[in-house]
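In structure tokens, the next block holds one chain alone, the form predicted alone.
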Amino acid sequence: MQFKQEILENGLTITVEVNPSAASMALGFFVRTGSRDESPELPISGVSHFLEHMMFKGTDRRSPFDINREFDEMGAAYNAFTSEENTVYYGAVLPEFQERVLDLLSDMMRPALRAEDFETEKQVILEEIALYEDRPQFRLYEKLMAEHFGEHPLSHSVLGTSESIRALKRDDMLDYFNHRYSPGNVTLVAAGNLDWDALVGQARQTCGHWKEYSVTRDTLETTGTGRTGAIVDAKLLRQNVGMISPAPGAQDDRRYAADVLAAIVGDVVGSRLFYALIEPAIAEEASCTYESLDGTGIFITFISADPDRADRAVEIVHDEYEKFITEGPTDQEMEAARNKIASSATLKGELPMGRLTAVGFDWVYRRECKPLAEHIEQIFAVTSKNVLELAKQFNLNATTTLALGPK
């Protein structure tokens, strides 16, 4: 493995992990923008995600059909995603298609944003919002994030609302694009069997003319509101409960201990919540996950249970967390958690597509390039003392709690 990096004159960073023994390569543009960046100057919720859709709707050189046809002709595995903090466009191909996939993706990064495509895709977004409204866990997550973060920009919905999408104008999106998609806010990432010199040379030709703008982000820390609430929906049969507590941010070295902590208390199989809630059939779903964010982080606990057992399930969660904060993990729990995390990272990292996001987010969040082996070493370096100290510093029971269901 070999890391290489170049910064173009307009600020675009190129970061790659070269693996000559790989049979494929993956390439993507990582844009440091998401729903948290939909500022008060552009009070239109959902524009980041809507724009992601529009990037596939054609350029001055290609129609929407051309884009999909070219990906298919290369046999590419391709897609895009938008979160609170990032929008990523990617494709995984055989090495002989490196030049072609970069030409296609770099062209897509400067979309036509045609008015007729904008109005058509608006209907697609509205259908997507309606679809996710039928998914209780997604509804709960969005409402819980808004409840926990309050006035903080991380409370912004990724999809937006039907009202905000209907109100969005094409020129609003263009203004957002022109400033958030500045080359200094974009990283071209690649992993696998690739030609570094050819990649840099082509990127200069296809991306070097992009105009640079000043881009900022509010990364103020927050511990959350700590509020408790409920959304009653008589149509639902299960009571869903979400809890968020503070955690280390993406730039904090304690994130490794946070990964281990979440695996011990809340992995879907073999965790404390599994044995306390799933095994005795008190709940059918129970988990705790760690999410590292820019400048902050969160532990998210999720429970789904029969409405008559939901209150008891929440009590058990708090009891388990209090016990963990007092006693910490066992040696057996530590070994199992570290092995789970290391195995998952290794299996994912066997493919260039799996390494693409790891390499990309290492740079986006921490301006560093670390090989997989170093990440795994840091997971195994986490001690039970580290985990217990973290549990005390970030109290799992200091939660913002929201219920969604018939009760």
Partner chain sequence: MTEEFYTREFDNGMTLVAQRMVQVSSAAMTFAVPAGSSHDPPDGAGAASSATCWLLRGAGDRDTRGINDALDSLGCQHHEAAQSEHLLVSSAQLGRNLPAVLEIYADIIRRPALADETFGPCRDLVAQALDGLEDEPMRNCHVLMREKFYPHPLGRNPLGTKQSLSEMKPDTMRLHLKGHLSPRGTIMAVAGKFDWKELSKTVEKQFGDWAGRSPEQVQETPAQRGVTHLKKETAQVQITLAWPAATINDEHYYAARIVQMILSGGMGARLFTEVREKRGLVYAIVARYHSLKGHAGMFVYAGTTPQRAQETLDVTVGELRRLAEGVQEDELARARTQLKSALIMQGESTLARADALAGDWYHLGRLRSLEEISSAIDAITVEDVMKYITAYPADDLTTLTIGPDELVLSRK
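Positions refer to the first chain, counted from 1. All of these numbers come straight from a predicted model, not from anything done at the bench.
We do not show the form predicted together with its partner chain, though everything after this point is about it.
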Checklist entry - Which listed residue (R227, R135, H209, R312) meets the criterion of a heavy atom within 4.5 Å of its partner chain in the predicted complex? => result R135
Item to check | Position in contact with its partner chain when the complex is considered in the predicted complex, options E221, E284, E322, D175, heavy atoms within 4.5 Å | outcome: E284
Checklist outcome for this item: With a 4.5 Å heavy atom cut-off to its partner chain in the predicted complex, the contacting stretch among 87 to 95, 181 to 189, 292 to 300, 198 to 206 is 87 to 95
Item to check | Non-hydrogen atom contact F118 with its partner chain in the predicted complex at 4.5 angstroms | outcome: no
Next on the checklist: Residue-level question: is R69 within 4.5 Å of its partner chain in the predicted complex, judged on heavy atoms?
Outcome noted: yes
Next on the checklist: Is T326 part of the interface with its partner chain in the predicted complex - any heavy atom within 4.5 Å?
Outcome noted: no
Next on the checklist: Test of understanding: in the predicted complex, would L194 fall inside 4.5 Å of its partner chain by heavy atoms?
Outcome noted: no
Checklist entry - Taking its partner chain in the predicted complex, which residues of 231 to 247 have any heavy atom within 4.5 Å of it? => result K235, L236, L237, R238
